[in-house]
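Given next are two forms of a protein chain, the same chain in both, each as structure tokens and marked structure 1 or structure 2.
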Structure 1
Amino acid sequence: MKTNDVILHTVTKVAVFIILTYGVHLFLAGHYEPGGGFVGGLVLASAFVLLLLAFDIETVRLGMPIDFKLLAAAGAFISVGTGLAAMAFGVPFLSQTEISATVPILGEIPLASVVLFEAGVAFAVIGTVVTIIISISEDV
């Protein structure tokens, strides 16, 4: 007889969205409060790990057809790229800049280039963690 894990599935479906939202919140809060790319990335990755635990790899892969190795590489590329982009503007490597933008609903918000760097870190963390989990589970 097949085990019935409907409760796990239902709770996962709700919890994953809460975890993902919290991960994005941590990521965006990083400049002024505790958080940032690394922690945000880890929390986001934990949502994927929960999905892998509750469902199986094939189902998750159907839902998210992403190669996580390439996601990690893309993250690293973005991070190094922001450093290199500074060189194109004739300022030292890794210089960061910030502008204020007025957005219709939110009003005036600061946009810093360091967010791109952190986004790269977050992608790299998510990609690495999920790749490790998937590789370990596939080999056995």
Structure 2
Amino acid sequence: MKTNDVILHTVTKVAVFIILTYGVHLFLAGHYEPGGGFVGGLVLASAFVLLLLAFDIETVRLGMPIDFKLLAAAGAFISVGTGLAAMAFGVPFLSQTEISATVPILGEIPLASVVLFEAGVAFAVIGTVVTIIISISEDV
């Protein structure tokens, strides 16, 4: 007997959109305000966990064919790579720099190297959390 989860699926789709939007906001605001890669990654991972709770694992994997173990490894590689890149320029490990670029419509936009580090942290957190949740759910 198949259960009718239309309300759950519909609310989940809307909630996931809102959670993903807020997670991206936390990630982008993290350089100047509270937030950043770790908190943004946890919020983004919670959206994926909500999808896994509302739908079955195979449906989520078909709709989103991401290997979360590779995502976690890539995130760790990016984070360490940004630190090593700083050392290649003769400054201490994980030193950051900021430049600004002028965009015709938006004006002057600051670009910080810490965003790459934060992206690596976010990828590592998302990959790790979702991998753990999938592993736990497969054992049950």
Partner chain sequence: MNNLLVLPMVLPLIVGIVLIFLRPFIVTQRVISLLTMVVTFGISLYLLIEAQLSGIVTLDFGDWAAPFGITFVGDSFSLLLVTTAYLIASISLLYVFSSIGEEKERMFVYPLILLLLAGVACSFLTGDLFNLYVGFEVMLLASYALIVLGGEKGQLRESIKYVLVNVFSSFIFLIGIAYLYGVLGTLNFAHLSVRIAEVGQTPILTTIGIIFLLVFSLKAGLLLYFWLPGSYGAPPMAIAALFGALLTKVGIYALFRFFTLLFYHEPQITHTLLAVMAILTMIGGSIGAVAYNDLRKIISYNVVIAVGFILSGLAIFNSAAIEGAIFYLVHDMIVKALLFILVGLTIYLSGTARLEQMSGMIRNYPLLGWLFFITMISLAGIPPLSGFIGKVYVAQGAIEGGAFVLLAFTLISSIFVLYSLLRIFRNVFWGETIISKDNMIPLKKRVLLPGVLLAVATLALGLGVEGIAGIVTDAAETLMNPDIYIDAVLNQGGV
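Every value quoted in this text rests on a predicted model; they were computed, and no experiment measured them. Rigid core (definition): largest C-alpha set, two forms, superposition within 1.5 Å. Numbering runs along the sequence of structure 1, starting at 1.
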Revision key, fill the gap. Shown alone, the chain in the form predicted on its own appears as structure 2
Review point. Core superposed, what is the CA shift for Leu106 between the two structures, in angstrom?
Key: 2.5
